[in-house]
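For this one, two forms of the same chain are given in structure tokens, first as structure 1 and then as structure 2.
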Structure 1
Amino acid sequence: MSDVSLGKSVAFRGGGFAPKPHRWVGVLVFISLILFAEWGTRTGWISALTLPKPSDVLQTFQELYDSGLLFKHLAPSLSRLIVGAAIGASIGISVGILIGLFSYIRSGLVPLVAAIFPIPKIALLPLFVIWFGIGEGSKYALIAFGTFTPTVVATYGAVDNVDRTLIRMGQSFGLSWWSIVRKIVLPGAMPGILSGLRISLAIAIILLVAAEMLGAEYGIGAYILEAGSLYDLERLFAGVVILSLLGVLVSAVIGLVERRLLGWRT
């Protein structure tokens, strides 16, 4: 304000509408929720039936780790997750690309995928037993089936969204059909496919529990189911926390892949 008599400053009216993350707030929220639960369960204000003591959950976790059972449960679950999701995602991406490229395949398969999408996978458990047995097969199949539909939808959406001028450019330089698909359509669809995978993999984790309903002795899902049937809340929560961490981990991995593969995005 060099000389106020000259006039008044222009009022500021911008800013806002651009939330910036403050990391520590997230951590704080988690910590205070846990402390609140601990306090509530300790004082009895929250009954033992409603929530387990967070410290007990931690202890259960510790025991699980010490006894080596953690890895005994984690290993089969991870292998189911990886194999199932790999099958479902790869078939889903292939089918999605075919739908994105060919009129007849699109017309034939899109309604089918739309019809399959809202089918709950647990409803099909009895059938999966017959179709794929109660071994690893049915678990892979269930997870694959669950990841398949969202992957297909995301993939053909991504192919549809590939910039058409890029494709016309390829044609105008006389590139072969296969070159255009390989060098333009696929890389162009990659961002959409990866963000679809984020959802598909979250669904795969969710389906782990359903998959391990079928004759799984070990596995995080089986562990959770057993805890549920025994109404053992500490173990139930320990299992849920593992799945939740797994989800956060998978999402972080995809974020990493995105940063590596999609560095070209603005």
Structure 2
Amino acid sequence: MSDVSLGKSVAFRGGGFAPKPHRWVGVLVFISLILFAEWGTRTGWISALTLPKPSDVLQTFQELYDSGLLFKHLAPSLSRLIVGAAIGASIGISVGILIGLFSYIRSGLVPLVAAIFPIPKIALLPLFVIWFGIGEGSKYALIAFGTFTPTVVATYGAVDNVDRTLIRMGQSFGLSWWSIVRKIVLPGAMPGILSGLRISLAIAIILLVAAEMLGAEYGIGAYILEAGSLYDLERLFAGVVILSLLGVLVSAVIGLVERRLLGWRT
């Protein structure tokens, strides 16, 4: 006799291979690595010239916080990252959607994007300094440009990967072109767009450090450059940890947006 005839509930399998969140596993991995590094540096198994003690790095964080230098360096970095990434990502998503929807725009812009995509963006920093000056403009421009190109590629790729069966179904129901774009194409492309944003924002953090190492008094990049020139490993690793935490924060924000916009996938 079947489960249905017996009145038994059947487990829902529509979610497929949806991963279950186990946040404590990530925390445990981080704690284990920190404890291992502390043990290795204290016992001499890891050279002090290679890796500082995590406890010393933590003490450096405390000194940065007490002196107020933490926010003096962090605030301008966040401002540059937010403004530059917002400009690059918004333009990149818009251009990517246009490329995905219109054949003439695709024919004109895809070769251009393919030409500029492989260029190392850090190599263009001197050019941006010439164009926009040594101040904030060149930093915003570098971050925006570095965020723009991968966002464009990810966006029009996501639009191309929307299931054409759904589009034909919308056409069969008499939906207008705009309704199909708004109700089928954009929601279907959103997972790919957000995945591309993860990569783009990670690139933006890398370019932020590079930009701040040239002509910036305050910023995480300037702090790391100063610590490196003095071979102050505690301060150097403190700056690296700040960048890592910034990357975790960006990933968490993208994850929150995914849960809000892509709840229909579950």
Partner chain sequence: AMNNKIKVGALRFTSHAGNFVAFERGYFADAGLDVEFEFFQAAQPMAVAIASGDVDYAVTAVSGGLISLADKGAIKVIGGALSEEEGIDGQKFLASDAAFQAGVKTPKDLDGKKFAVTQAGSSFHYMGSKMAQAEGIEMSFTPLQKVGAIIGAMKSGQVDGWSIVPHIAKPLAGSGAVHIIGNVSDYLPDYQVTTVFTSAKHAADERGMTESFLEGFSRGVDDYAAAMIDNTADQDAMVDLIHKYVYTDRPRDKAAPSIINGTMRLNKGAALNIASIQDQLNWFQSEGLVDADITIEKLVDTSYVDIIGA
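For clarity, a rigid core is taken as the largest C-alpha set superposing within 1.5 Å between two forms. Keep in mind the model is a prediction, meaning the values are calculated, not measured. Sequence positions of structure 1, starting at 1, serve as the residue numbers.
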Revision key, fill the gap. Matching the form predicted together with the partner chain against both blocks gives structure 1
Review point. Core aligned, does the CA of residue 184 move at least 2 Å between structures 1 and 2?
Key: yes
Practice item. Verify the C-alpha shift of residue 170 between structures 1 and 2: is it 2 Å or more after superposing the core? Key: yes
Exercise for review: Inspect the rigid-core superposition and answer whether the C-alpha of residue 44 shifts by 2 angstroms or more between structures 1 and 2.
Suggested key: yes
Check your understanding: Supposing the core is put in the same place in both forms, how far has the CA of residue 28 shifted between structures 1 and 2, in Å?
Key -> 4.5
